[in-house]
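Single chain ahead, written as C-alpha cells, the form predicted alone.
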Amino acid sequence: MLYFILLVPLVGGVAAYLFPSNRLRPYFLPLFSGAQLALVLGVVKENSLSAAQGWLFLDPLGKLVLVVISVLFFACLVYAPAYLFKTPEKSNRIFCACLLFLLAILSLVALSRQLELMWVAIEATSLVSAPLIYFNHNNRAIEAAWKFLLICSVGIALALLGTFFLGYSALAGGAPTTLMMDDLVRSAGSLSKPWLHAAFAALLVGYGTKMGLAPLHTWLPDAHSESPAVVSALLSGALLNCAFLAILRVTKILHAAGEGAFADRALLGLGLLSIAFGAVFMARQRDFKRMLAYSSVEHMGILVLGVSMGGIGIFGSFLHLVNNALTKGMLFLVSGNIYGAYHSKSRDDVSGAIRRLPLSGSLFLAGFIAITGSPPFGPFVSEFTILRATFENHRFAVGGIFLFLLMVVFIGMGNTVLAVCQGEPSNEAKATDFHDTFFLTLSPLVLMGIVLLLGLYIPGPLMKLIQGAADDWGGTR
C-alpha cells in the first residue's frame, strides 16, 4: 500500500505529461490526487506499515503529515482545472505533471525513515517546484524561481553536510553506523555529542531554509507571491510542513540522546525570530499575496515554538500544523480569485472585493480572522494551546512576547485585508469578466468549513492522529 501511495501520483504525472489535450489534461489532477487520498485514508488506520526493508515506514507523525498533504492537495487540485481554464492560451503540460510529481515526492518525505532518502526527497521537491513557480512566464516569476532554487540548494547542501555529521557521530561514538531513524534513536546515548550538535546545527539551518524560518526565509516571499494560487497554497501548506517534519525527525534523535535542551533552545530562538519577522513585514504590506507569504513565515515560527515548549506545546504544534495548512491553503486560493478579477495584488488597486466577488471576498475576510488566531476558528485553539504551554513551563516572558507579536500581526494584516475587502471596486475591476464560480469557490469554502469545525470540535479520527503523533513525541493533550 505504501508503494501505491507513491506510485499513483507518479503515474498520474507521467500520464498528464503524455496526454495531448491541453483542455482535458487538468482533469487528471483531481482524479489522481483523489485516488491517492483514498489510499492514504485507507492505511492510516493501520498501526504500522513498512516497505523497502524499513526505509519506508508509516509512523504516527508521518501519518498526520501525509493526511494533511493529501487532503490539501486534493482540495487544491479540485480547484486547479477551473483556475487553468482562465488562461487557455498557456500550455499546462509541465504544470499538471509537476503538481502530481510534487504530491508523490512530498508523500515520500512523510514515509521516509532513512535520513538519506528523506534528504533526496526534499531536494527533489525543489526540482519539481521551480517550474510551477515559473508558470506565469514573466520577469518576476523567473526571478522568484531562481531565488527559490539557489537559496534552497544552499540550504539543502548544508542539510547534506549535517546528515554526514550525524552518521559520523555514530562512528565517533562507537555506535553502529547507520542513518535509519529507529536505529539512531535506539543508539542515541552512544552518539558523539560534539558531532551530534554540529549535525543538528547544520540540519536546522538546511531544512530551516526550506521551511522558511527567519532569517533563512528570503526565497519564500517572492516564491509565494509570484506563483499561481494553487502552487502558493501547496508550498505554504504542504512543502513547508514536510521541511518541518525533517527537523522534527532530527530533533527527536537529540531528545533521545539527552540533548533535548540544546535543540529546544535553538528552536525557541528561531521560532520567536520568525514570528517577529512575519509581524514586522506584514505591517503596512501593500501586496496581499506577499502578506500571506510573510504570514507563512510567522506560522512556521509558531510550529517550532510549540515543539520547543514540550508537553502540551507539542500537541498544540501538531494541531496548528493542520489548522495553518488548511487556512493558508484557503487564503491563497481565494487570493487567486481576487487577482483574477483585479489583475493586481496591490491594495492600491484592489478594493471592494466583497462587492466585486461576494463569496471570495467574504472568505478572504473570514480567513484573515482565522489565521490571526481569533475564535471560533481552529488556529485559535492551537495557538492558545501553545500559549498555555509557555505559561505551564513558567516561560512568562516568552508567552508575553508571543502575545505581543500576535497582536502586531493582527493589526498589520488587518490593515491590508480591510483595505482589500472594503470600499468600492474600481471601474477596471468591474469591467473584467472574472466571477465567482462553483469550482473556483468550492474548495475554499470546504476548507473554511473544516477550519471552523476544528475551532468548535476536533473529530475523533483526527484527534487520534494528532494525539498519536504527540504521544510518540512525548507530548500531552
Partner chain sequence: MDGALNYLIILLVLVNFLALGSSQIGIVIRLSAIQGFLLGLMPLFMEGWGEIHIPLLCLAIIAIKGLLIPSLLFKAMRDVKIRREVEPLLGFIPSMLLGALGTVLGLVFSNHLPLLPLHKEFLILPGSFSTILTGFIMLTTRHKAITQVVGFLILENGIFVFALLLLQTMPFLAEIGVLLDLFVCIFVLGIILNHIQKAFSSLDSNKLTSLKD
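Note that the structure is predicted; figures quoted are calculated from it, not measured. Positions refer to the first chain, counted from 1.
Just so it is clear, the following notes concern the form predicted in complex with its partner chain, a form of the same protein that is not shown.
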Legend entry - Interface stretch in the predicted complex with its partner chain - options 68-76, 378-386, 101-109, 187-195, non-hydrogen atom within 4.5 Å: 187-195
Inset, instruction - Tell me, yes or no, whether G167 is in contact with its partner chain in the predicted complex, where a contact means a heavy atom of each within 4.5 Å. - result: yes
Inset, instruction - Mark L406 yes when one of its heavy atoms lies within 4.5 Å of a heavy atom of its partner chain in the predicted complex, and no otherwise. - result: no
Inset, instruction - Tell me, yes or no, whether F95 is in contact with its partner chain in the predicted complex, where a contact means a heavy atom of each within 4.5 Å. - result: no
Inset, instruction - May I ask you to state whether R290 is within 4.5 Å of its partner chain in the predicted complex, using heavy atom distances? - result: yes
Inset, instruction - Look at the candidate spot formed by A16, Y83 and L216 and say whether its partner chain comes within 4.5 Å of a heavy atom in all three of them in the predicted complex. - result: no
Legend entry - in the predicted complex, the one of I312, L149, L273, L359 near its partner chain [non-hydrogen atom within 4.5 angstroms]: L149
Inset, instruction - Name the single residue among F135, F364, F402, F281 that comes within 4.5 Å of its partner chain in the predicted complex, judging by heavy atoms. - result: F281
Legend entry - Contacts with its partner chain in the predicted complex - residues in 35-62 whose heavy atoms fall within 4.5 Å: W55
